[in-house]
Structures are given as structure tokens and as C-alpha cells.
Ligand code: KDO
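Just the one chain here, laid out as C-alpha cells, in the form predicted alone.
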Amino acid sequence: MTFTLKTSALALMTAAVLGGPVLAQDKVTLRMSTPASETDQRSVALAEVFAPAVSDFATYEPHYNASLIAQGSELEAIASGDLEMSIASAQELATFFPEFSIFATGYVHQDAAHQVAVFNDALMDPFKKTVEDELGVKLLSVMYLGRRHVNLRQCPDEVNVQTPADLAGVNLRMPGTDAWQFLGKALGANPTPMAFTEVYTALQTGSVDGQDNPLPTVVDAKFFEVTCQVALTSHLVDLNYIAFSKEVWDGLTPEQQEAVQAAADAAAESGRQAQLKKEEDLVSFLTEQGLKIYEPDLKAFREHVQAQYVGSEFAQSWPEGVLEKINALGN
């Protein structure tokens, strides 16, 4: 007998003895830990769309800026039963399951709509099943984080990024996983692993030359205060997955599971549209802040980055034919 059934049975017995109404079942608490800020579009979407949609049976409890669980440890916390939800990257999942590195490969996803098509396609089923079976984590939906660009302290008269060769010797902060570090090298830079919470100070002091993130993150984290330029490399159409405890999921009723899934999809769509709109508006804002923004030779970057993956250890872990299926879902 599950906890839910035990609770319901106890409520019925109590009502029978007291002659009163059936007691309401206790709500499940869904703790969300994320390194993102409270104003991040993913955070806003989950708080304003997901939380109200599940409020009848669940209490959504967000923890921002990695204040509950250290960045990079969220999936392990879900697996151990110490956390119910997180926002997980493909790069993080690749540390457990190398085949996920395909979703963190430069220039694989074409745009936000392509991300959704890939996530909802049958090609994702084996990936999702592996995460559920081996880690106890259910991937509910895909969230659009944005197009990642190169953001540098140096101004274009010092470093003008037109091709990968122009990033030679540039210490570019990248998250610390192997997949991220490989992408940094593929871009032509010297990737430097560093926690997100340390990046602003590192840019300010010159410990790193730059960082790569979507424009909304550049603004949310105020990186524009300590940088001079953004080269619109669009090297990764980045994503996060809404990660949910499989144990908690299995303890929900079918109706509650349906509500959680619908809420996650709605939150993801809300955040996606807000992020796309924000990206449109931010080029002019950052220009007003004094940053130089320009588009380099994307063809040169695309060809160079893709070539780096051919024959690499990451490509070896990709299931046969999956890349072709992903490409076929694009424009």
C-alpha cells in the first residue's frame, strides 16, 4: 500500500469514527533547486505558471542561486531523495550518460521550435527511459535557454572575433563538465571551468577574458557591467530540462501526473516565448550600455565546430542515426 493510499484510508477511518467529512490529503512539497536567479525567465515561468497549476495537491518551493543544492549536484540530490525538482542541462546529464552530449553539441539545435520537436519525438524515448531507470529522474519538458554567444572583456579593437582563430588564447569561462570544455575548445578558445556564481567577479578582475551565455543571462547576471563586446556566434541553442523525481511522480495519481505534465509544458512554453521576446529586445539595450555587438562569420564557426566533433569521444557515444534524425526534424 502506497503512502497516498494509507493516508486516504486513515482519512476515511477518521471520518467514519468522528462522523465528519473526509480529511484533505496532505500536499506534496516540490522543492526546486536552481542556480538561476529569481528573475530568470525559467524561474518566473515555473513560479507563475507551473506552481498555480499544481497548487491543489502540491506546494511549489523554489530555491534560487544554488542556495539549497550546489550547482551540478541537483540530479544526484533528486536520485537520493533529497530534492524533488531541478532544471537540468544536457551537459549535466552527459556526465551520467555520455550519449546526452549530442544535445549539447554546437549548432545541432537550429532554434527553439526545433528543440521542442526533438524533445517530443520518439528519438528521445530511449534517452528519457535511461534517465528514469538509472537515475530516478523524469524529464518532463524542455525549456529554451537561448542562443549562446561569446561575451568578452576586451573590446573589438583588441580582440575582433570573426573566425575561431580569433579566439586563440582567449580564456573563456565555460561550465566545468567535459562536454562544455570540449565545446569551448571547438570554438577555438581556451575554456576555463568556473561556477556561474563566480563569473561576474572573475570578469571584473580579469581572471577570465569572457564567458558564453544567451543575451538574457548577460543582462540578468549584469555581465554587461564588466564586459565590452558580444560576438553573436549563436554556437549553441541552449536548453534545460524540467527534471522531476520519478519516485514522487510514481506516488501521484494519474490525474495529478497529467496535471504536472501539463503544468510543466505550459511553463516551458511561457518561458520560451518570454525568452524569445527578450532576446529580440536586448541587442538595443546592450548597445545602449556601451557594448559592441556584431555577428562574426557563422559559416566558418559552424564548419569548424562540427568538424571538431567528428571522430571525438563525444560523437562515439551518440546512438547511431540519432544525429540524422535530429537534423531531419529541422528546417
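Numbers for residues come from their place in the sequence shown, where the first is 1. Values in this document were obtained by computation on a predicted structure and should not be read as measured data.
Beyond what is shown, the protein has a form predicted together with this ligand; the following relates to that form.
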item	value
Site test, A77, E247 and G251 vs this ligand in the predicted bound form, non-hydrogen atom cutoff 4.5 Å	no
Stretch from 51 to 59, 31 to 39, 279 to 287, 297 to 305 whose residues place a heavy atom within 4.5 Å of this ligand in the predicted bound form	31 to 39
This ligand contact in the predicted bound form: L145, any heavy atom under 4.5 Å	yes
In the predicted bound form, T192 touching this ligand (heavy atom, 4.5 Å)	no
Contact label in the predicted bound form: T177 to this ligand, heavy atom within 4.5 Å	no
4.5 angstroms heavy atom contact with this ligand in the predicted bound form for S234	no
Residue (of Q115, N171, N240, Q229) lying close to this ligand in the predicted bound form, criterion heavy atoms within 4.5 Å	N240
Listed residue that, although this ligand is not shown, lies within 4.5 Å of it in the predicted bound form (heavy atoms), from F182, F196, F127, F119	F196
